[in-house]
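A single chain, nothing else alongside it, follows as structure tokens in the form predicted on its own.
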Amino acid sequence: MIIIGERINGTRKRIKEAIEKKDKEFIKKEIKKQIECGANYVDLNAGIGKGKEREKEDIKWLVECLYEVGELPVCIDSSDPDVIDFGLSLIKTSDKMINSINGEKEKIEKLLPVIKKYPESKIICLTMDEKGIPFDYKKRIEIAEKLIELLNDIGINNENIFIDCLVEPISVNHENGLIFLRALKEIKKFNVKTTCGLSNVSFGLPCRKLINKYFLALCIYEGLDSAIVDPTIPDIREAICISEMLIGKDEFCMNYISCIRENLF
């Protein structure tokens, strides 16, 4: 399971405050904590609602904070293709991730040239278009197919394509979890990677960590390769470790035994 640490996001109150105050030590602590808990990528989102130029300034500062911790794999997260392009230009390592492209024509036209500049990057693809997120999981598959074809045409290999079939809250529609799982199962047939913003499933409900934990286990069973999560939550680490063991991805249960010995959850 590829873990994309979600904590450095300007929409979170404490992170927004740290960005505005340029509290470097706090951000570095947040980065270290996620890496120590198993994050493979650190998602950096500098969107605090103050315009493109400010977002560029802040993403540069976040990257600087990260490199004071170490040359770690980064996921540049922005709704603005120009910010993504600028952020990627700051990354020293070839192992980087773009979050994200979707099926909207305008977004495709602006972001594909950026992606083409960084063909070694991993790309998160959201199964939505101008009409939003389709209720029908089959429509989400159609959008994914289109994005896979477009990315293949500019030289992006399937192993670097991460399809996000978009988890929606079950508090809004009790079938939303099932819709995502059906889409996930179908996407696995296209020989690409999959990911999701896991915690969306529990939005608006009490005991969210409990819901997230069990939903993650179901997703791993259906073949989820990656998740945008908070790796510092023990329940998340537990769900990943035990689920992967139960579906045969932990030979001789060695990873599970190691986690128990090291008291990792």
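Quick caveat, the model's predicted, so the values are computed rather than measured. The first residue of the shown sequence is 1; numbering continues from there.
The same protein also has a form predicted in complex with (6S)-5,6,7,8-tetrahydrofolate, omitted here; what follows describes it.
Remark: none of the three candidate residues (F190, A217 and S243) comes within 4.5 Å of (6S)-5,6,7,8-tetrahydrofolate in the model of the complex, counting heavy atoms only. Among L111, I124, L184, V74, the residue placing a heavy atom within 4.5 Å of (6S)-5,6,7,8-tetrahydrofolate in the model of the complex is I124. Between the options S226, T232, N40, N200, the residue in contact with (6S)-5,6,7,8-tetrahydrofolate in the model of the complex by a heavy atom within 4.5 angstroms is N200.
Contact between N99 and (6S)-5,6,7,8-tetrahydrofolate in the model of the complex is found at the 4.5 Å heavy atom cutoff.
Taking the partner from elsewhere, N255 is found to have every heavy atom lying beyond 4.5 Å of (6S)-5,6,7,8-tetrahydrofolate in the model of the complex. Proximity of K52 to (6S)-5,6,7,8-tetrahydrofolate in the model of the complex falls outside the 4.5 Å heavy atom cutoff. The closest non-hydrogen atom of K29 lies beyond 4.5 Å of (6S)-5,6,7,8-tetrahydrofolate in the model of the complex.
This chain is displayed without (6S)-5,6,7,8-tetrahydrofolate, yet in the model of the complex the stretch 203-211 from 235-243, 218-226, 203-211, 63-71 comes within 4.5 Å of it by heavy atoms. Residues from 1-33 that approach (6S)-5,6,7,8-tetrahydrofolate in the model of the complex with a non-hydrogen atom closer than or equal to 4.5 Å are E6, N9, T11, R12, K13, in the order they occur in the chain.
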